[in-house]
Every structure is written in structure tokens, then in C-alpha cells.
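Heads up, the chain below is alone and in the form predicted alone; it's given as C-alpha cells.
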């Protein structure tokens, strides 16, 4: 790899200053600005207000007032749908701007960021359709004197807390569905990648979302995120992030018994049988491991290969991984960009060193790359990994692929399930009986068969066990942001305990 210079796109670049959105107004924070240094370029690219507990409380009060007294919850589904559709059009119109912000703030490749914006637009349009389809139930089978109606009502104020690895895509997996249901919201993006979410605030105002319905507060988890999870005026928390912070979020929300939706970590296996289409698998293995530099909860970070093919397949994956272009996130040809922070790069390196000391072999990579600016990690393959090693059980969240082996189907399933996570998995075989058998026994929220990391707005996403609670996307996603209310209606004269029969 050769060193690169600052790209032309940043030669005359000036850091962008942002403000928080509270009750329809752009507001300065009470603390010192947070400066975001681009992980792929080493320069300050954004400044956000460092919100305080008081700022969080003001946003919650605005959302509470907008829900209790504002027009949004009482609008028709068609009215909310039309606003969400306009927002989708505006997102599409500003997609290049949003992708650029996600690219320079997170270090992800610009081509990938643009693809994520396309997916986000589709999600907003899908959520808009669901706004018109939200409905309850009626029961005309309870006897001549009773009619039962079950309503679905917006749950209220929702705190939405999103991570740094997919800044715009993940807020789009939550916010439009909450809005479609009629909720009001307080959104806290990661303090590392707040830019595109703040631009979304501009878009939603232009689309016609009333003041106070979407509030965006920036800052750290302890200062801003904590009150968003404990405040009694918040009815629900939707969080995506690490399992450790997810546990804390759940504990905080339990103080007032809030509804909680959690999308957390993963240690996702791909189980490969000898009869698989190995050409297709090798490509999927490289994609699954190194997409978004492995900073992905769905990363295919564990390969569980049949012993008869393990050596050959590992060598083929290494040969293809050597061709993966690591470099400037703003280069359209880049496939793997920068690591989010120097601290995270060091954490990834520590996992690799620990695995080597535990007896694994570094088949490829294993070290940081000096490309002149920012922080980068070489695509890495660890072979000879044993199921009890930390690198096989814990989420590395970097471009590190662990290779394990199996001899029987039962052993493969046992290895796949022998961890705390259960977000996703892949199984590869030309025999669909094998795929279905493994798919039904691996405990994960998504099982890919002869593919990996495909998705659609229509398909639910979420995990088992310590990968989280609840599901995002899919036709029931709006329902997650509702409460059910039973109307039990009596028809005609009533006879009862103290009344003559």
C-alpha cells in the first residue's frame, strides 16, 4: 500500500458547524463543541454542540408537548404518509451531500455510503406506505350483546439512539416507522457521526413535519443518552449499539418500565459444506468480513468450514482478500475505508494479538496500515481458531475473519450456537435439505442460505439472545411503536350481579 495525499475534494474544505434541533428551532448547545476528525483524512470535518442533561430534557419536553397537544398523532395515516413520501424525495435529492457526510465522518467508502442512501430512501417510502395500513381488529363473535374493537395507538414519545457505523441507514430503520405510527421523537446520533442526522432534521422540516415531532440532540451517552433512557416522559427507547450499552439502556428504561427495542452485537457464522458453490461463497466470505471494514453487527466474522475443504477455501479467500482495495474513503474504487477511531483500531489489533498468542495463525494481514492519513487496518484472516478463543466468541468489529472447522452437521450447529449472540448466520450447500436443517436449528434472527448480507425493507431484522430485543423493518415495524387498546362495547340493556335477571 502506498501513502496518499489529501484528495482534491478536501483541498478547500472547511469544517461544517451544526446545531441541535429542539422544538422546530436550531439551537446551540450549552457545552463546548465536539470536533469530529475524519478517520480517513486526519482533519476536522464537523463540529456539533455537546449537549447536556438539560438539553436532553428540553428536547423530551418538546416531544412530550408535541405528542400531547400537537397535530401529528391525530393526523390521518394518509397525511403522515404524504409527508414521509416528501421526506423520501428530499433525501434522494440530497443523497450525495448525505453520503459525503457519512463517508468523511465514519470513514466508510463513498460508493458504499451512496448505496446506503439508496436503501434508506426505499425504507422511508416503505414506512410511508405502512402509515396508511396501520389498523386494529374487530370482534363480532362475542355474542349479540358485545362488540369488541382493538385499537392501535401511537405509544407516545420515543427516544431513538443510533450508532456511528451506519449513521443515516440506521436512523432510517427507526425514525420513519415511529413517525408513521404517530409518535414524536428525540433522536441522538453518535457524537462521532452526527452530521447526516442533523441534515435529516432540515429535510423533515421542509417536508412538513410539525415542530417538536422530531428533535435531534447531539452529545455523549452519559450526558445526553442516559436521560433519554430514564426520563419519565419518554414512553419507549429504540437503541442500536453494543451489547454492553444495550444492557445499560435496558436497566435504565426498567426504572419506569419503558418499552425497549434493542439491536445489538453479533458474531455471525457462515457454515460451509463441501457441496457448496465455493466460488460464490468465497466472494460472499470476503464481502461479509470486510464490508464497512468489518464495523458491522451483521459481519460474517466466523467461518465454520468443513474440514475437507478448510485449507483450500481459506487459501482462496486470502487470495481474493489481497485484491480488496483499502484506502481513501472518498475514492470511488475503495472497498475498505478507515477505522472509526485510533482507540478502536488498537482494540482490533489487541484481538488479533490475543488470538495469535492463544494458538491461532495469522493467514493474512493482522496489522494496521500506514496510508499517510487516518487509521486503517489490513484485511485479516485468522486460521486454526478454536471455539473457546475470545476472537471466536466476542465481537471484534473490525476486518478480522476467524476460521473454524467442523466434521458433522451437529458439530457445526453446536459451534454456531455456542456464543452469547444470535443476530444472523449463513449456510452454504447445494442440498436444500441441509440448508433448511441448519437454518432451523441455528438460533439467529436471520439465516441466509447460499448468500450473505442480503436484505429488503419488507424483511424483519433483529436478533436472538444478547443480539437484542424486537425487530426492525418488515410490515409489522410500525406496530412496534404502538400500544393496543381494547374497546369492549355492550349493546342493549345490561344485566349484572346486583340487577334482576
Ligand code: NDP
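Positions refer to the first chain, counted from 1. None of the values given here were measured: they were computed from a predicted structure.
Separately, the form predicted in complex with the named molecule exists; it is not shown, and the next lines address it.
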{"item": "Candidate spot 33, 50 and 54, all three touching the named molecule in the predicted complex (heavy atom, 4.5 Å)", "value": "no"}
{"item": "Proximity of residue 225 to the named molecule in the predicted complex, heavy atoms at 4.5 Å", "value": "yes"}
{"item": "4.5 Å heavy atom contact, residue 242 and the named molecule in the predicted complex", "value": "yes"}
{"item": "is_contact(residue 250, the named molecule) in the predicted complex, heavy atom dist at most 4.5 Å", "value": "no"}
{"item": "Partner proximity in the predicted complex: residue 395 to the named molecule, non-hydrogen atom cutoff 4.5 Å", "value": "yes"}
{"item": "Listed residue that, although the named molecule is not shown, lies within 4.5 Å of it in the predicted complex (heavy atoms), from 153, 353, 191, 420", "value": "191"}
{"item": "Position in contact with the named molecule when the complex is considered in the predicted complex, options 73, 221, 119, 77, heavy atoms within 4.5 Å", "value": "221"}
{"item": "Interface stretch in the predicted complex with the named molecule - options 317 to 325, 272 to 280, 134 to 142, 155 to 163, non-hydrogen atom within 4.5 Å", "value": "155 to 163"}
